[in-house]
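In structure tokens, one chain follows: the form predicted alone.
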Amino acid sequence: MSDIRTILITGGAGFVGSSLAVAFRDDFPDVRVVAMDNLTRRGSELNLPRLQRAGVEFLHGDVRQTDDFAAAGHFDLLIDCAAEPSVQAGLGTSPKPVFDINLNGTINSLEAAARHDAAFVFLSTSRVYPIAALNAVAWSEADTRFEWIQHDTGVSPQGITEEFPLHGSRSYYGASKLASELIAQEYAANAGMPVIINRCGVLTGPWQMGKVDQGVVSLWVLRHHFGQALKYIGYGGTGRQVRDILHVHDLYRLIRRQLDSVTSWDGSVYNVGGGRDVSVSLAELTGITREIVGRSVPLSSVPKTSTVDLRVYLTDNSRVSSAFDWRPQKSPARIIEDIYEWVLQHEDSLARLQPPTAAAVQPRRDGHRSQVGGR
């Protein structure tokens, strides 16, 4: 960090971008942090007072507009958090908006970084791995979750490694991120730009405005607190689908460690997620959330599976753990506790973002806090 005086974070008013921006300012008060965002995602405006309190400069800009980067001035590091993050995006309609943001926006960000001889952190996604191939991994059904039982090329007992085959369809979202990875690696090879790529699993934590198609853990907490119904969708509607989850602060800890070796960044790719130890099925997520929030909500089932859904996804963190001596610290229970504490602190603002039937339900105001082990 010694040579980094200014950090530009695109998507800086979103969940991940704002969380990283505030964390950098808290740890490095002498470093200038600029959060660039177009504020199109509902709820991102709630982050503006938080950014201001932390001393983060806000720049209203759009990664699709090359001229918008100029207002940031000089920067030494660009962290690309700007994205259309939904795997459902483009289904049944034109995918062009997905590519405009996730691919063209990344190219514009790379160009801006090149003009300033800046280092580049690209937050990619586990969704670059093909859907059919992931769903073809042999599995079994346990009481509360599906389990992988096959270990083959790119599939270890811990999860998916960086060697998992990339042939096949992965959704418009996944394709846009994989294409961006390849282009970022070309900038590393041909322009000498320090580039590092983190293929993130499900990121979560406080300040995530959860939606049905993105931000499932915070959605679960919000729906439980405000008394709104939930659905188990796909794979028979039993809620046995499994994802590993990663607290955004654990991601910040990793990026901090990666910044100690910027001069060696060469476009390398790292799978980054909670791993098997920090994974939950939807059914397990429901149980933990009920205990922490102290409320049950109506649950229904939709057996039909979306064409872009996955039965199981777990991250093998071996490569990134070995390279940076990093491991996730926060368990699913601790993650949910952190989110719920945030919900209680910002209940009135969050209520305005909920569906009318949810906002009309009297939320819990007794400060209920159940403790669940395994932090």
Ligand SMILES: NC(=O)c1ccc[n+]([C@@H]2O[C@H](COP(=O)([O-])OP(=O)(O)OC[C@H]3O[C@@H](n4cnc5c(N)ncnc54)[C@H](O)[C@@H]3O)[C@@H](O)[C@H]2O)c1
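Since this is a predicted model, take the numbers as computed values, not measurements. In case it trips you up, residue 1 is the first one in the sequence shown, and so on.
One more form of this protein, predicted in complex with this ligand, exists but is not displayed; see below.
S.K.: Within a 4.5 Å heavy atom cut-off, is S331 in contact with this ligand in the model of the complex?
M.R.: Contact with this ligand, no.
S.K.: Can A21 be called a contact residue for this ligand in the model of the complex at 4.5 Å between heavy atoms?
M.R.: Although this ligand is absent here, A21 would stay clear of it in the model of the complex, with no heavy atoms inside 4.5 Å.
S.K.: With the partner left out here, check for me: in the model of the complex, does some heavy atom of S218 sit within 4.5 Å of this ligand?
M.R.: Although this ligand is absent here, S218 would stay clear of it in the model of the complex, with no heavy atoms inside 4.5 Å.
S.K.: I'd like to know whether Q214 contacts this ligand in the model of the complex, with contact meaning heavy atoms within 4.5 angstroms.
M.R.: Yes, contact at 4.5 Å.
S.K.: Specify the contacting stretch among 143 to 151, 118 to 126, 189 to 197, 224 to 232, defined as having any heavy atom within 4.5 Å of this ligand in the model of the complex.
M.R.: The contacting stretch here is 118 to 126.
S.K.: Name the single residue among R319, R41, R50, H346 that comes within 4.5 Å of this ligand in the model of the complex, judging by heavy atoms.
M.R.: Comparing distances to this ligand in the model of the complex, the residue within 4.5 Å is R41.
S.K.: Looking at P85, G275, G90, G239, which has any heavy atom no more than 4.5 Å from this ligand in the model of the complex?
M.R.: Result of the distance check: P85.
S.K.: I have R64, D80 and V202 flagged as a candidate spot, so tell me whether each of them has a non-hydrogen atom within 4.5 Å of this ligand in the model of the complex.
M.R.: Every listed residue reaches this ligand in the model of the complex, so yes.
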